[in-house]
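We begin with a single chain expressed as structure tokens, specifically the form predicted on its own.
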């Protein structure tokens, strides 16, 4: 069992999200960094969609009450197992009673923890992800609190192993959106021509941005389907990048779509961070998604050889 001693700012259960229900108004939810979830589960031999803990900001303490192997991925929130510093992208072994703690970092915002075999959780609509807005999934549909306990099956020790994770960037690639021609054909270029600052009222629903020259407009559109990665432009000209907990429809013009491979970078952006955008093509967007798959396959092959060599 894993006891929550201190949950920190936001500690919640996430997996790769709840798909196929947006027509019913159900959000995707899921980890903001799906590649980190897949790497963690690959390190442990779990199915890729096994639910993990998403730690936001840090300042979290968790105690293992039974032995398990666990993996730590995502940003470096200065995690320690008792007094031993840990490195993201690695698999470790925890004995009963050991304390996993997270500090915080100005360079990272979210980390992920998976345990071998996964946590014992109830699946809701095909996912264990916590939908924090609607209040279901995870445990009681909310962030974890002090005293919460997560059950898992104890296992024997495996050697620590890890690999370098793909980096996080503050230049994000986008595709031009469907309403650019109704606003101004150059609006996507204007979005890419300057840096944008992340505002403090950003959350898992969306990242609000501001800049020196906002893209104000008077265009009104009918509400229509949106998805994580859609960049909306309200009349005040301050873009909003929709994230995993976003609503399923929206009435602001859609000026761009963040490519799937780059959405994970938003998991590590904090208030005050500067980001910029660059236009790309659907073909290159597809190639970048394939690169993530290649990375996971290489990691899986390397782990297989490593584990065989020491067995």
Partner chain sequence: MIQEQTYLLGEQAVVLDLNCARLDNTQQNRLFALHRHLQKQAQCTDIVVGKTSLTLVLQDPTQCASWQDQLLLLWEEFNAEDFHPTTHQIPVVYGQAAGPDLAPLAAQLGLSQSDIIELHSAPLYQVKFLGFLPGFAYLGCVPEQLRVARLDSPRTHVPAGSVAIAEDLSAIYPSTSPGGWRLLGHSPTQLFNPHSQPPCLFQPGDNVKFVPQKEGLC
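Note that the structure is a prediction, hence the values are computed from the model and not measured. Numbering follows the first chain given and starts at 1.
Absent from the display: the form predicted in complex with its partner chain. The rest refers to it.
Exactly one of the stretches 103-111, 212-220, 79-87, 131-139 approaches its partner chain in the predicted bound form with heavy atoms within 4.5 Å, and it is 131-139.
The three residues 124, 224 and 285 all sit with a heavy atom within 4.5 Å of its partner chain in the predicted bound form.
Of the residues 162, 237, 166, 178, just one reaches its partner chain in the predicted bound form with a heavy atom at 4.5 Å or closer; this is 178. Only one of the listed residues (257, 69, 56, 42) places a non-hydrogen atom within 4.5 angstroms of its partner chain in the predicted bound form, and that residue is 257. Although the partner is absent here, residue 300 sits far enough away that none of its heavy atoms falls within 4.5 Å of its partner chain in the predicted bound form.
When contacts are judged by a 4.5 Å heavy atom cut-off, residue 289 counts as touching its partner chain in the predicted bound form. Remark: residue 24 counts among the residues lining its partner chain in the predicted bound form, judged by a heavy atom distance of 4.5 Å or less.
Under a 4.5 angstroms non-hydrogen atom cutoff, its partner chain in the predicted bound form lacks residue 276 among its neighbouring residues.
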